[in-house]
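Single chain ahead, by itself, as structure tokens, in the form predicted alone.
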Amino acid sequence: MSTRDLVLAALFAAIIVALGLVPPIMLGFIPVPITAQSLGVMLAGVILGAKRGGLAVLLVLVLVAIGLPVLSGGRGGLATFFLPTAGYLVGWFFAAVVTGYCSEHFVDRSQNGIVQIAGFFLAALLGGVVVDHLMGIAYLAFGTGTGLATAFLGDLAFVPGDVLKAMIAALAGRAVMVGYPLLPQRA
């Protein structure tokens, strides 16, 4: 891994942390808040690809584990990995990797803009929404004893916002592809 890869991963880790400054929105019927940080995870995957996007999220998770308050609402520490939100949090890594992998395979520079946006959107949906939500639901249902039906129904409240975040990530991915052609391939 080159120095450039490490710098890009650190930059996107900083973006994810900065999105944590947006206050979380608690829904009341599920112990998981709505945060802007999942947008950063999708952006890391779409723009950096699987390897560097996964590294960016892994860096954020390490910062959380050592106790820095980098999550939305100023949360951090090892205990965070045992809260009801832990499945979503750990799912960020897999979401970034899947989003990056899909964007690497769905999008290339030879496609027109609409096809690129659609590819990035599909990649962000598969990784940032499907993968992350499946891991979050699984932990919420089985790790906390909430039950699968209750966890799934509670999770549905996050889907519209995360679909919007996937569209924002797709548009940003297209903009970076056009505006910053010197960025090495996402692979």
Partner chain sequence: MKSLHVEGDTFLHRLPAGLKLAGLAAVSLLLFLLHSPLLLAFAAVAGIGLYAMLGLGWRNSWQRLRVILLTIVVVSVFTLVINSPVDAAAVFFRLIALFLFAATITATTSTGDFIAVVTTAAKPLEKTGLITASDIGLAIGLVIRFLPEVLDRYQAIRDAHHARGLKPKPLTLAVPLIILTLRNADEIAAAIDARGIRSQK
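Residue numbers count along the first chain shown, from 1. Treat the numbers as computed from the prediction; the structure is a model and nothing was measured.
Here the subject shifts to the form predicted together with the partner chain, a form of this protein not shown in this document.
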Listed residue that, although the partner chain is not shown, lies within 4.5 Å of it in the predicted complex (heavy atoms), from Leu126, Leu59, Ala50, Met135: Leu59
Contact flag, Val70 vs the partner chain in the predicted complex, heavy atom cut 4.5 Å: yes
Interface membership of Val115, the partner chain in the predicted complex, 4.5 Å heavy atom rule: no
Partner contact for Gly119 in the predicted complex: the partner chain, 4.5 angstroms, heavy atom: no
Contact of Gly147 with the partner chain in the predicted complex (heavy atom, 4.5 Å): yes
Neighbours of the partner chain in the predicted complex among 98-113 [non-hydrogen atom within 4.5 angstroms]: none
